[in-house]
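We begin with a single chain expressed as structure tokens, specifically the form predicted on its own.
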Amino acid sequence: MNQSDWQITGHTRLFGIIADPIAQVKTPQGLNPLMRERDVDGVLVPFHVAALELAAFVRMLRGLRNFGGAIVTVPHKTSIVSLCDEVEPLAAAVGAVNCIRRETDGRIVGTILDGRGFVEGLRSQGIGPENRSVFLAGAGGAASAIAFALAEAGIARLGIANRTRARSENLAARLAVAYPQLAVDVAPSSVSGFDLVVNATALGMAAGDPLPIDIAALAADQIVAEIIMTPRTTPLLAAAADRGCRIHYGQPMLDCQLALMADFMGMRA
């Protein structure tokens, strides 16, 4: 479909991205052109929804008959799990959902695509995760999805660092059930000795955020990766580059998720 020929009509299906804050999201810029390429009569818009309003918002979506689905991002990935009518097995294991769709009967079904997108993003830049040791900052929804995807991809060792140790221990326990062969270190003392360092927290999105790791321990032979897309070069990536590390931006994670998201939400003509 030619972009100039497309118009919103009474037949147009609605899709969205649910977040708080919302200004930093880039999914609309990716999925709207993809729908035009697929000849889909749909539009994806930002939904700025605060945590206290999420349950009421999801209830509303069940009755919105021209709603197709939505991407779910910070801070709603874990809290929306209990609001879905059905959650796919991997999302249930991770304890987070980052994509929902509305079935014709109004049921909301959730899945998690963050982890697969992150791993495929690494591979798209020539970084294979197999047999690597990984330091993971964070143990929330995105971090959990990435941990499971990295385990599935065959990493050798995982260190989980989170402000709340209990959350790290919970993630480690869930990984042990699914991947008992994976060596997991809860609360590693330093990033030193890890091949790949991943920031899977929101630290770096806002001006003045503290760095998610102690950069003094970084060495030039390490890879430092972000999941944050705006700003493109976070303070962590800038500091890692200054120390000679190879850096990996957040954008490839989204790029590799776009087709997966579109397929799950039924973005097809």
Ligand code: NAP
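The structure presented is a predicted model; accordingly, all values stated were derived computationally and were not measured. One rule holds for the numbers: they count along the sequence shown, beginning at 1.
Below, we refer to the form predicted in complex with the named molecule, which is not included among the displayed structures.
Interface residue among V191, I71, L122, A139, judged by heavy atoms within 4.5 Å of the named molecule in the model of the complex: A139. Though the named molecule is absent from this view, in the model of the complex it lies within 4.5 Å of a heavy atom of just one residue from R116, R132, R167, R101, which is R167. Using a 4.5 Å cutoff between non-hydrogen atoms, I228 counts as a contact of the named molecule in the model of the complex.
Although the partner is absent here, N162 is a contact residue: one of its heavy atoms lies within 4.5 angstroms of the named molecule in the model of the complex. In the model of the complex, at least one heavy atom of A202 sits within 4.5 Å of a heavy atom of the named molecule.
Proximity of V198 to the named molecule in the model of the complex: non-hydrogen atoms within 4.5 Å are absent; the residue sits far from the partner. Residues with any non-hydrogen atom within 4.5 angstroms of the named molecule in the model of the complex fall in just one of 176-184, 104-112, 83-91, 142-150: 142-150.
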